[in-house]
Structure formats: C-alpha cells, structure tokens
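Shown next as structure tokens: one chain only, the form predicted on its own.
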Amino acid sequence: MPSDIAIPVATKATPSIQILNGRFDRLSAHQTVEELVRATRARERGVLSTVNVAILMMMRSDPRLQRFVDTSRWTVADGQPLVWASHLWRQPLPERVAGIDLIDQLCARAADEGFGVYFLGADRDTVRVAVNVLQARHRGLSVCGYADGYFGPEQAEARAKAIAESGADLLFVAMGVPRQEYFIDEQWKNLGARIVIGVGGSFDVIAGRRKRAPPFIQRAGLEWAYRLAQEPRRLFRRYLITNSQFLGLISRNAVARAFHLQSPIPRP
C-alpha cells in the first residue's frame, strides 16, 4: 500500500515553471548534475523525477503518480515537446534533461567524487552488462551493487534494505513507469541512498539491447516515433493517446492565454 507521504515534500529552491499538471525546474543538464552532486556532498536526500509527455499525461489519470512527481525534490523535462511548450509561458526551460544522459553524467562525477552507485532494474543479464559498460566508460566508478527489477511485492522491502546496506549514495531505478515510482514511494525510508532517480528503460539502451534515436531525431522531438518503430505493438496505443491528449491540452491553453492577453482590461 502507498504511504501517506513517503517522500517529504520539498520546497523548490530553483526557478520552476508549470506546464499543464506538471511543475518543472528550470535547470540545464549541467545544472541538474551540479545540484545533485551538491546535495550528495551535503548528505541531503531527495528524488529526481524525469518527466516526458507520456508520463505527464499518465499523471493526469494516476493520482498516486501525480503526487509522487509533485513531491519529488527535483523534476526535469525529459522531452523536447515540453521544452517547446515552455516558451508559450515565456519562461523557457533551458533544454531537455534526459534520464539516460544523467546516468552517464552522474556516473562520471561519482567516479571523481567517490560516490557509491547502485543499479536496480531490467533483467539480470541486462543490468549486469549495463554496469560493466558504465564501469569501463568511467574508470574508478564505485558500484555498490546491482539487481534485476523482476521481483514481487513481498521481496520489495528486502531489495530496498540491501540497497541501504550497500552504502550507495546514488540509486538508479529502471523498472518502468509507474512501477519504479511506486517502489521508491513505498520503500523510501528503507532505501538509504541519498539521490534516487527513476530511469525507465535506460539500462536496456546502455547495455545495447535497444537503440536510442540519433541526435537529430531527438532534437526534432521525435524520439517517441523512433521508439514506436522499435516496439509498435506495445507503444502504439500509449503514444497515440498521450501525444494527442498533450497537443489538445497545449493548444487549448495557448488559445486561452492568447485570448486573455488580448482582452481589454475592464475599466472600473
């Protein structure tokens, strides 16, 4: 069962912008990494949520997921369409901050800073290969442990306590949305790690099990289409519904905002 509020509600210390039902910190990828490193050095705790269009729309019909993101200490936009949408409010987000990029950047800093890292998610072979790739890429990376994400509710607490016992500072959870968020929410007090980030299917990409869209497709905001081409049966309905819903909501908000700005101010 979900906790009342497992993760303490944090006051946003960074400038943020509201896009539909999500509030995003106006941080670049570099600023995000620096903020997480600062918090880890200071022995602070917090969750970072990376939200794309599909997750933002999922939040609208999942109050538990909405609350989880709302109470995360940091929330960044992991989708180019969200960056574009932020311009409608004239408070543009600096750039897209992708979860998979944060893994690489944070592992690089963890190796330099001596932070311990734990990886939870995907199947056993995939997470093992992903860890090996990251250790080869970032010499000196201290991996406190790793485990697959295929476990039942009765094993969740034991998994969380194993992470705490490992002494890891950073925890990446790759079990898909919203399962990874539910796990973090339920086990927050047992996890021990200072910085926890849900990273979806990132381990599969790092391990070479799935290809990531080329940079020009990412910049065009079409990474969802690239993923759809790889897994059409699983993703077609999700992207058809969420993308259409997002476009409709953003369009209505843009029209309403334009009408409001153009309306004459009533005289007293």
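In this text, residue numbers run from 1 along the sequence as written. What you see is a predicted model, and the numbers here were worked out from it, not measured in a lab.
Below, we turn to the form predicted together with uridine-5'-diphosphate, even though it does not appear here.
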> Of the residues Arg60, Arg210, His30, Arg219, which one places a heavy atom within 4.5 Å of uridine-5'-diphosphate in the predicted complex?
Replying inline: Arg210
> From the list Gly116, Pro81, Gly149, Gly99, which entry has a heavy atom within 4.5 Å of uridine-5'-diphosphate in the predicted complex?
Replying inline: Gly149
> Of 86-94, 176-184, 130-138, 108-116, which is the one stretch near uridine-5'-diphosphate in the predicted complex, taking non-hydrogen atoms within 4.5 angstroms as near?
Replying inline: 176-184
> Is the gap between Gly46 and uridine-5'-diphosphate in the predicted complex 4.5 Å or less for some heavy atom pair?
Replying inline: no
>> Test of understanding: in the predicted complex, would Ala122 fall inside 4.5 Å of uridine-5'-diphosphate by heavy atoms?
In response: yes
>> Even though the partner isn't displayed, in the predicted complex is Arg64 close enough to uridine-5'-diphosphate, meaning a heavy atom within 4.5 Å?
In response: no
>> in the predicted complex, does Arg38 come within 4.5 Å of uridine-5'-diphosphate, counting heavy atoms only?
In response: no
>> When uridine-5'-diphosphate is placed as it is in the predicted complex, are Glu157, Gly167 and Lys189 each within 4.5 Å of it, taking any non-hydrogen atom of the residue?
In response: no
> In sequence order, which positions of 29-57 have a non-hydrogen atom within 4.5 Å of uridine-5'-diphosphate in the predicted complex?
Replying inline: none
